[in-house]
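One chain follows as structure tokens, the form predicted on its own.
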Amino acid sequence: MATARTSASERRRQILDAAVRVFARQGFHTCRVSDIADEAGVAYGLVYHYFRSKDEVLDTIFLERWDVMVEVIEEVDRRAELTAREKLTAITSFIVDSYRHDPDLMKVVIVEVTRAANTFGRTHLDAINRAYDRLGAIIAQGMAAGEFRDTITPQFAAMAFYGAIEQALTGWIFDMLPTGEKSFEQVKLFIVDTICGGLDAPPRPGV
């Protein structure tokens, strides 16, 4: 019985992984369930055995990845020895490294869900806001400690922070930014420095 359950779990994972590749290559709206089945090397009907629709496949892919990210944010936030800026740095590093390790998955999450304001993005606003709420709490801690200025709200700062990360990933997805180890590491620093440090030049001595 345990073997059957394991086999079913592996087959479900096989279908999800195939769907990621198909969605990234063809786009969610232009592909068919049969394309997912072909990519996974399974019968067309087997996809429907595990998922009611193509929409449910995308829902599952997004929620699995998003839940992992929220868990990482919460785990980082529990590290009391870190400053707020160090926490944001760790979160940025995790998300950028997630793209490096699985660009197709991150492309699907960004292009097909979080930027799809009138379809899946709106459907998953509660899940998306969970991440913003946790990021906002970290920023609020930084404000309370005097680490960040409090002239903007934590909620807006959280949106700006994640928006900067998402835009950088979009730059890689559409070949607007160079890839490679140096670029990935540089962008991590740029994001945190832009959001935490802002664009204002430091005052000049004697001014």
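Throughout, we count residues from 1 along the sequence that is shown. Computed from a predicted model, the values in this text were never measured in an experiment.
Here the subject shifts to the form predicted in complex with another copy of the chain, a form of this protein not shown in this document.
Between another copy of the chain and the residues S34, T179, Q167, S53, the one pair within 4.5 Å by heavy atoms in the predicted bound form involves Q167. Proximity to another copy of the chain in the predicted bound form, defined as a heavy atom within 4.5 Å, holds among I152, A144, L63, A43 only for I152. Using a 4.5 angstroms limit between non-hydrogen atoms, T194 touches another copy of the chain in the predicted bound form. Among residues of the shown chain, M159 is one whose heavy atoms approach another copy of the chain to within 4.5 Å in the predicted bound form. Contact between R13 and another copy of the chain in the predicted bound form is not found at the 4.5 Å heavy atom cutoff. The closest heavy atom approach of Y48 to another copy of the chain in the predicted bound form falls outside 4.5 Å. Within 4.5 angstroms of another copy of the chain in the predicted bound form, the stretch 173-192 places a non-hydrogen atom from each of I173, F174, D175, M176, L177, V187, F190, I191, taken in sequence order.
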